[in-house]
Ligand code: NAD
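Here we start with a single chain on its own, the form predicted on its own, put down as structure tokens.
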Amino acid sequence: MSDRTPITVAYGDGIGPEIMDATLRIIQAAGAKIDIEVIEVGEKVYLSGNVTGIAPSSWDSLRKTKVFLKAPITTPQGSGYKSLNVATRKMFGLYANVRPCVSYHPFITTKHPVMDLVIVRENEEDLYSGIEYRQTRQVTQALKLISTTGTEKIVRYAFEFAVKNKRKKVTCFVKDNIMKITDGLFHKIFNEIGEEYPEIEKEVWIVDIGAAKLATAPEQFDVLVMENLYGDILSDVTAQMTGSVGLAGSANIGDEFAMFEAIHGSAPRRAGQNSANPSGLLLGAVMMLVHIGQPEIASKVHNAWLKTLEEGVHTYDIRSTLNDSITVGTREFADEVIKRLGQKPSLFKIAEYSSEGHHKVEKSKLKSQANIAKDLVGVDVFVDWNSGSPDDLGNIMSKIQAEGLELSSISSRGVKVFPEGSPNINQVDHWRCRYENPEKGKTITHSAIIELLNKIREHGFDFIKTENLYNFDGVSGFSL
């Protein structure tokens, strides 16, 4: 039986082939025990008619190896092309995006000399579910989806990562002062799971002030866990804060599959110039080596890379504080790292990886929600209408009723406009008409909603969407 691990490699577009070649040369020189299967992804594949940028046959390689080392790709501009990263994350359940961001002061110029944090980003839900609609001529919509199971997996991963990598604190960023149900669920589950890890310090920040604190005092943070959109934005910000976005590697982790990459793009304007920095992809490959059970090789590569930076060797995108620093090309940088394999840094913290750096999330330990009572108590009917004032619409909709359903309010873009609504609203053609049982909290039937919609249609309205209103164990499951 071979002790070599099969991996799938994609060289990508732009600077991708150059930095992938450098990365593979380094890890193979270090003794990585891998068998490489190469697939083609990116712009050429997109333009040949594959909307996700990957040929159907290439999925077979990924299903077989379950490990994907991917260089940056170019997605053609214009509609009709889907993100390969999003497609891969969804296809293989890559729920956790892990991005370490470290300052390499004093050898790389940065305004934040003390910084060593990891952002753990939820990868499958939130606004990145990609469920969007144009509902009227003036209004579009994107759905933000946060689930109990998705949240538990990412939060538990963050705490397990902290424990196994000897981290001391986990911080959660949310915006539940505004999005009380979706972000509120994320916050609630973070608190519940946090109780299982008494040895780890926990804190929660509202994302805006938390981001401000992160940008000015990153040394106060250790492991951060957050939803998809917040994590996407802030992991790029923190990577740039280290001195160059080209220094950051990224891991996308699922139960059975993992993808590793640099966080930067394909930079087509730099392609073919032998100037790109391979460090981000190389550090992604280091994370891959830990994942596939070769932590000693990962440590060897990482330490040689640190030693190279300490001795003032870098690519064009980095400003070093050393007067005698040397700027080299992509190939030459790889040569310098290879030359230092087996050496360790003198000033940087020595990298020491173990095979416990990544893990599977075990079966849910949260209380089952199967027995929670779910009661239908109303419906929001969204209509496309642009023929008068909010009061005109309210007077018409108030006359439309069904069994147990009467109009209680109308809002536009979250602002109440009827009855007694704001007179200063910027009026659009998108209205939410809330129908509830006059006896608050009393249940209604689906047939009553169908009756209501038929009556609304008979009055000449275009109802563009409905949202049922539920109580869960008597607690409202919808915003007011």
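All values reported here derive from a predicted model rather than from experimental measurement. Residues carry their position along the shown sequence, with the first being 1. Rigid core: the largest C-alpha set superposing within 1.5 Å between the two forms.
One more form of this protein, predicted in complex with the named molecule, exists but is not displayed; see below.
Contact with the named molecule in the predicted bound form, judged as any non-hydrogen atom within 4.5 angstroms, is confined among 255 to 263, 129 to 137, 161 to 169, 380 to 388 to 255 to 263. Checking Q141, S325, T74, Q401 against the named molecule in the predicted bound form, a heavy atom within 4.5 Å turns up for just one residue: T74. Only one of D116, E311, D317, E192 lies close to the named molecule in the predicted bound form, with a heavy atom inside 4.5 Å, and it is D317.
Contact check for A22: every heavy atom lies farther than 4.5 Å from the named molecule in the predicted bound form. Shown alone here, R331 lies farther than 4.5 Å from the named molecule in the predicted bound form, counting heavy atoms only. Among residues of the shown chain, G93 is not one whose heavy atoms approach the named molecule to within 4.5 Å in the predicted bound form. Proximity of G210 to the named molecule in the predicted bound form: non-hydrogen atoms within 4.5 Å are absent; the residue sits far from the partner. Relative to the superposed core, Y46 undergoes a C-alpha shift of no less than 2 Å between this form and the one not shown.
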